[in-house]
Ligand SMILES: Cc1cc2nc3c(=O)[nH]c(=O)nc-3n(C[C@H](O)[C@H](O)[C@H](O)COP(=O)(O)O)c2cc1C
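The data below hold one chain only, encoded as structure tokens and taken in the form predicted alone.
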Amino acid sequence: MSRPRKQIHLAAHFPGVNNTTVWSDPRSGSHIDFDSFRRFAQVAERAKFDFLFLAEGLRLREQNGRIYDLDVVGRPDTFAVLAALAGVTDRLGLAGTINSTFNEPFEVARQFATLDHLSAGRAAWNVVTSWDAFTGENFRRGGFLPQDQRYERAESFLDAAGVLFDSWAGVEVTADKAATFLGGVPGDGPGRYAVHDNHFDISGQFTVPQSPQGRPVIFQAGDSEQGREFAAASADAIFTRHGTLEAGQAFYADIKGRLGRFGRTHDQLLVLPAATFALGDTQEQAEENAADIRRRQVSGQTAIKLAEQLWNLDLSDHDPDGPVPTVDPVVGENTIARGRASVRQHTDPRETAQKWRDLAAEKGLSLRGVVIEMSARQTFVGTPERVADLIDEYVQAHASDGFILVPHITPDGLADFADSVVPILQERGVFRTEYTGTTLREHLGLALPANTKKAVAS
């Protein structure tokens, strides 16, 4: 007896960082105008996607003392954008990235509980940490947190938020309109909580009744050992980036294999890698489109900026169409780029620089050509039929449970995928033709969380 085919989950990432978006393209719109978010979300909902995903930027990132073209200038507040989108969409999930290093559990839990109410159960929280003092300068405590305590605080933060979400067990307000009596007693009853651990010493009464999902869907983004453990213990979905089938399968097996140690089952954590796409009427045309997108994503200036992050040196006098620098990178703390996590991916900069030189020699590439090859982002390139084949193959072969798509044009770059690839997946019976639920948990096939009600009346 054959096993049923897995249903594919699809989401849409509104791009804003890491030079995925080609903001200089004439077709690109504003990244802070609400109409851009509205149009993007409504295309995703028309295509029956699970959710829209917003990354977070708590400070515009700099290099050589300037804000540069790897970032979109302007990062509006996540909650304000998602709350506004809740009013112009009906079913699409709304996922926001909120930092656990600089915020406080009460305010974040209150904002997400409110969003879940406003959207009738469509909120999701991508829990991230931050390590750098540069970003922390915007906050009262600054970049005070040592790197090895980021995930410890994140775990405490998430536990504390869970206490707050669960502090209302249900509909507990007994309103008597005749007596104008709302019910409940200060110091007792719904919303009472207390959290005391190494990071938080808070108590009081939570202000928002239990929301439709009980608590938002929890996402974790990251590939480190600590990140994988955090996701296996606490997250409903993990946001990753694995470009090949084999790398995806290895990650998928690893993260799913960790769940049992936390008393969780295989279906309680979804693996959703980020993916880009380039389409064409023929495979040759799609590959030409992909190459053109890459050249525009990696301008000469962008190639220099990315090389500077590896070399930790000012290379502004270097020709991007010339050879890879022969000087060795400066090893140690990266001081050339500020606020970018990507600089930490170069664990051995000298070894990586030599790989760049070797690739340039092997293929006759310039520095820019090497950067284009080394930072390739197109996951799926082909005709709509070919892209549908690949997405289905990755999911059925357990390399992922679906994908978070990142178009290179904002806000309308998702439309081609929605109108050409999605119908093929629907015809094959691996993607919904209509929403069957109203909440994001229903879209993702996730059960409502048990109300652990850790609140303690004092």
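The first residue of the sequence shown is number 1, and the count goes up from there. Here the structure is a predicted model, which means the values were calculated and not measured.
Omitted here: the form predicted in complex with the named molecule. The next part is about that form.
Does the named molecule come within 4.5 Å of any heavy atom of residue 222 in the model of the complex? Judged by the heavy-atom cut-off of 4.5 Å, residue 222 is in contact with the named molecule in the model of the complex.
Using a 4.5 Å heavy atom cut-off, state whether residue 129 contacts the named molecule in the model of the complex. Yes, contact at 4.5 Å.
| query | Taking heavy atoms and a 4.5 Å cut-off, does residue 55 contact the named molecule in the model of the complex? | reply | Residue-level check for residue 55: yes, a contact with the named molecule.
Does the named molecule come within 4.5 Å of any heavy atom of residue 239 in the model of the complex? Residue 239: yes, in contact with the named molecule in the model of the complex.
- Of 379, 97, 211, 302, which residue is found within 4.5 angstroms of the named molecule in the model of the complex when only non-hydrogen atoms are counted? By the 4.5 Å criterion, the partner-contacting residue is 97.
Practice prompt. With the named molecule left out of view, choose which of 227, 136, 105, 280 has a non-hydrogen atom within 4.5 angstroms of it in the model of the complex.
Written response: Comparing distances to the named molecule in the model of the complex, the residue within 4.5 Å is 227.
Which of 322 to 330, 280 to 288, 144 to 152, 359 to 367 lines the interface with the named molecule in the model of the complex (heavy atom within 4.5 Å):
Heavy atoms within 4.5 Å of the named molecule in the model of the complex occur in 144 to 152.
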